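Given next, in structure tokens, is a single chain: the form predicted on its own.
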Amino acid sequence: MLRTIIEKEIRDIIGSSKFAISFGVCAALILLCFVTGAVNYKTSQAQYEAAKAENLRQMEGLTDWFSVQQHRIFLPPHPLASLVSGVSNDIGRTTEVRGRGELNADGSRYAEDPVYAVFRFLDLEFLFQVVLSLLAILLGYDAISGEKERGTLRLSFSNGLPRATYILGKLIGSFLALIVPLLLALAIGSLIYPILGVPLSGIDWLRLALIILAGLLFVGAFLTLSVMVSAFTQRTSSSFLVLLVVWIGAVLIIPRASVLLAGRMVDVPSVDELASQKARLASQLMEEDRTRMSEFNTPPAAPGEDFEPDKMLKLFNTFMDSLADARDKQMAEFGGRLNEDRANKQQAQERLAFSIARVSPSASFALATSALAGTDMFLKEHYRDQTMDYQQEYGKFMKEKTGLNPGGRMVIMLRDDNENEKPKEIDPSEMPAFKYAPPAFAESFGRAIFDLGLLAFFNLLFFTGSVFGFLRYDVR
């Protein structure tokens, strides 16, 4: 009996014109999403390689490593970021590295192409959150109330059919009728990436599989919710209206309202406020250093020794380097305290916002998929940590080349006695390369597992609600 109900439900859904039209549109959008994702990745990769080459080209012709006061490094594109963009397009991708001082990334994708900030990209997150969740509602809103209006529900129970068997068959049949075709479209779309030459490692394929799993759990939650609402209403018009209101609240309102509420409840100082405090301290330290510079005196020459300008210049540069080290230490300690305080408040605000937003399956889905794709809120912190590690490597390299660690606000005096000798150009390829390592899979999965569990819980909750509602439903 259960099998018969499941088969009937699958035939009714797949054979309907609304499924053929709506699923055809969804399948086309899924394929388009993978195609545009592959094209965007290859474009971003070409821009990334061109930016690295241009960065090295600007150092061509330099004859002294002292002339290299700064060096740019870039956040490389990742294939999955084109499918689940998360915050990857919002954060800065370019960082100017000096041997000392605080690092700041700029040059986000949306800053360079503001039109994308207005309309956003077509990615899997958008398709699941908006398009496929509406498809689930469209297929499930009349699962029970529609049967009653058509008179088939009363007819089905004229033969002593158990209610639990009927609702279970309805749920399983609806789920299979939606999920199996979606899996087929997603599988075909996934093959587009390697066909178009986008590299995906074994871990990337695992991440993509989990992203699709999260999407199916999300769509399943809206499908079971639709059946549950249909089991609590007597008319399809009422069921559709309730589901539309719930969809608007879950997808559009709750995630945004959670950010506003958390912002009201936890005050986080702005970046401009911190920059102002750091600038005031930097100006104060520079004034103190100017005073020390004016008091600098070279040790007197020993009796019988000539005055040596090179020796004086070396002593002065060493003195300036020591001032810069001391100033950098004070700025690092002061900036570290400010940054840590702001980071703690920001994390508290984010935790509160995410906790409120997780009332909606849409928020849980967005958090899970962005974590699995490595494009969640931790991407900015992860990239910053690696740029700071590279700064240490860069500073060590420059000290080996120049004897000093240039950067920040320094005054370096050079003297060239070989005016007739053509200086030798530096070799930019000697510069240490910045090798970005994306977040480890275990780390990403650890951040996503809670939201994946929440999506599974929503499915179970709405499934139970559907059974409970139908057991008390008036089939007459």
Partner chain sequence: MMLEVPGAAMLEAVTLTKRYEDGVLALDHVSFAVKPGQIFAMLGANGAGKTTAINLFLNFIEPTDGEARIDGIVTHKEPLLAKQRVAYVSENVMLYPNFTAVQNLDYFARLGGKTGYTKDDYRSVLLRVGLSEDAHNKRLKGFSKGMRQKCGIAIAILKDAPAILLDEPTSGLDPKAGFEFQQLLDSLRTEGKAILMSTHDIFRAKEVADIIAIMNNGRIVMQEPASRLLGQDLERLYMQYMAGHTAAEAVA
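Residue numbers count along the first chain shown, from 1. The structure presented is a predicted model; accordingly, all values stated were derived computationally and were not measured.
This next part talks about the form predicted in complex with the partner chain, which is not shown.
Peer 1: Is the gap between Asp321 and the partner chain in the model of the complex 4.5 Å or less for some heavy atom pair?
Peer 2: Judged by the heavy-atom cut-off of 4.5 Å, Asp321 is well away from the partner chain in the model of the complex.
Peer 1: Taking the partner chain as it sits in the model of the complex, is Leu274 near enough to touch it, meaning that at least one heavy atom pair lies within 4.5 angstroms?
Peer 2: No.
Peer 1: Should Glu147 be counted as a contact of the partner chain in the model of the complex, where contact means heavy atoms within 4.5 Å?
Peer 2: Contact with the partner chain, yes.
Peer 1: Taking the partner chain as it sits in the model of the complex, is Phe175 in contact with it (heavy atom to heavy atom, 4.5 Å or less)?
Peer 2: No, no contact at 4.5 Å.
Peer 1: State the residue from Leu161, Val242, Leu352, Leu216 whose non-hydrogen atoms include one within 4.5 Å of the partner chain in the model of the complex.
Peer 2: Flagged contact: Leu161.
Peer 1: Among 147 to 155, 175 to 183, 124 to 132, 75 to 83, which stretch has residues with heavy atoms no more than 4.5 Å from the partner chain in the model of the complex?
Peer 2: So the stretch in question is 147 to 155.
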